[in-house]
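Next comes just one chain, in structure tokens: the form predicted on its own.
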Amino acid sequence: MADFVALFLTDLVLGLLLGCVLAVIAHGLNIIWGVAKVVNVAHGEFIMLGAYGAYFLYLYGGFNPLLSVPIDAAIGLVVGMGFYFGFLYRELRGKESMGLQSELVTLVSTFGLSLVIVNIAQSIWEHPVGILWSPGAAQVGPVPVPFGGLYVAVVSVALIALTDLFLTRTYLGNAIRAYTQDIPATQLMGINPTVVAAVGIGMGFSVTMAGGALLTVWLPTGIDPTKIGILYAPISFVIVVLGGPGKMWGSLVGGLTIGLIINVGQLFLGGSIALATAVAVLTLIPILLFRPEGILR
């Protein structure tokens, strides 16, 4: 019984730490979805690019995943703004809201982009790689707390808090929020909707790639172009739906929920079944049926 309790507490702590990382990789999607109402099907591929960015910074510069975060974030900002002007600007310019046709165009565009990225990645990187970074652990009672996971969890929550502060306490952030609610009114206030949308989507990509860098702590040998997008994109979508699209702290609530279900659930169901349960039975189906606006109002 004591061994089971210790194992349960360990999985509980690790689930919370994992949930923070899952929250931040989903947070980038949440920002994009909340700003431009664009469902980015290529989200998983940009998580992968963030992970590879951290890997190469580690390989050639000796950067640990935490030091890679600001560099990955800066690259993601540039990539996100390029993504907006390359894939979304022509379809969204001059429109007062996202219609069905625009949604279909962006879905097809991002789906095509995801196929291109994953196929190029597979042709370049044939074998999984990883970052062997382990700064140690602390024993708290019966629970070993890895410092790497703890540091990453703190940075993940800090990224969500910073984006929330930016969107609520700065002029540009308030302009982005206004754009999401009423584009014509935003223009009447003298705000350029193109700049606002580009910055908002760039911020979403910035957080996504930073999250990919943080995720490498949990993937010491598992940065694989054939698996990252397939696994973490659906998890990100579930987290966003669970917390509520456009709700910044909803990402953290959804991420912690999924992390706990995956880690604690494997005690009773096994790893793969716990993951499937987290995505389908205990989160997506009930939320879509009974709480489509997410946990947070």
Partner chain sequence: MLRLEGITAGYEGTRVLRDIGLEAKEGMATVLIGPNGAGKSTTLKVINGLLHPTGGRVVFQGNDITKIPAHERAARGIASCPEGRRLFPLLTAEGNLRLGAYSPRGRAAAEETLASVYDLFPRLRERANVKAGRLSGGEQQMVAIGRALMSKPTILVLDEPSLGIAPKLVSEIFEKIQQLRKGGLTVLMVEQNAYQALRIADFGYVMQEGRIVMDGPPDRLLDLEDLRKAYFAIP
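Just so we're clear, the structure is a prediction, and the values are computed from it rather than from any experiment. Residue numbers count along the first chain shown, from 1.
The same protein also has a form predicted together with its partner chain, omitted here; what follows describes it.
Heavy atoms of residue 178 reach within 4.5 Å of its partner chain in the predicted bound form, making it an interface residue.
Heavy atoms of residue 74 never reach within 4.5 Å of its partner chain in the predicted bound form, leaving it off the interface. Shown alone here, residue 189 lies within 4.5 Å of its partner chain in the predicted bound form, counting heavy atoms only. At the 4.5 Å threshold, heavy atoms of residue 161 stay clear of its partner chain in the predicted bound form, well away from it. Residues placing heavy atoms within 4.5 Å of its partner chain in the predicted bound form fall in a single listed stretch, namely 192-200, out of 151-159, 74-82, 192-200, 206-214. Using a 4.5 Å cut-off on any heavy atom, the residues of 167-186 that reach its partner chain in the predicted bound form are, in sequence order, 171, 172, 174, 175, 177, 178, 181, 182, 184, 185, 186.
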